[in-house]
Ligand SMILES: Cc1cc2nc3c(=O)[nH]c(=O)nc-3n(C[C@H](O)[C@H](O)[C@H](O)COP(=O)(O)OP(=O)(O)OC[C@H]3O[C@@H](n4cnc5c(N)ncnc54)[C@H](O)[C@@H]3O)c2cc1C
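Okay, here we've got a single chain as structure tokens, the form predicted on its own, with questions on binding and movement later.
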């Protein structure tokens, strides 16, 4: 049986209290929302904080509400509540779908939107127990000197594994970050570094409190996920696509993000540009966008399936996600 290491637990009831504790405890502290990622990592000794600050009792950072020109979702909103929210389904059904594809029902009941956005990167050589990792002399992400995915590389190649992140990036959502010293707002896509270790731009003293979804008028979005099993598994590939159409169905603006192909959700800007100015169901434009986006999929030995097959499936899933936009209802 894997057991948690010893740590001190804090249970703040208000956001300002949580921010003060986080600032005071320093780098040895970690935030926990649903705990579905942090606690297994602690059992495997991948993360070993001596202070854990629970956000479950903090008021005001849970639930879906109407906001100016869109929706506001508290970071502590469970993935189940996100999936079932009538407001989210009506505005951005792709986000509801992404939430429904995460893990299993019991874990979606515990896991939160904020936690899924901040989800640790994953790798074949990282997501193992302590003894297994010790047997290979650990890896660059913790305790070792080599990234076993690419031994000659100076960086860690663990991959992004959040399902909600690429969708939120594609639709242009924003997040609110709160610390003892103040509040700042940024785009979701700005939350991530392309580095398997330092994968978040969020400062250690900041708490992700809210996600703002924009007005969906004129927009369509889709999300396709590749994984070995039909439930539980993390994405080996995730494709999120969004497009804003004019009244005649011509694409005025488009965004495409891929996850599972790097340490952050990758923007396929060149691919999105191929759609602009064409009808959403233009087969040639879709094919050109697929060709451009597929170049971002450069599989490494950091997750499931054979590399060549993963590369080929990137094309199929991109085509499927873009074709789904053409079939969606405004």
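Positions refer to the first chain, counted from 1. These numbers were taken from a predicted model, which means no experiment stands behind them.
The next section is about a form of this same protein that is not shown, the form predicted in complex with the ligand.
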| query | finding |
| --- | --- |
| Proximity of residue 107 to the ligand in the predicted complex, heavy atoms at 4.5 Å | yes |
| Interface membership of residue 194, the ligand in the predicted complex, 4.5 Å heavy atom rule | no |
| The ligand contact in the predicted complex: residue 32, any heavy atom under 4.5 Å | yes |
| Partner proximity in the predicted complex: residue 221 to the ligand, non-hydrogen atom cutoff 4.5 Å | no |
| Joint contact, 116, 163 and 207 to the ligand in the predicted complex, by non-hydrogen atom at 4.5 Å | yes |
| Sole residue of 75, 242, 169, 82 within 4.5 Å of the ligand in the predicted complex, by heavy atom | 75 |
| Proximity to the ligand in the predicted complex, single hit among 71, 101, 251, 173 (heavy atom within 4.5 Å) | 101 |
| Segment assignment from 86-94, 179-187, 116-124, 243-251: heavy atom within 4.5 Å of the ligand in the predicted complex | 116-124 |
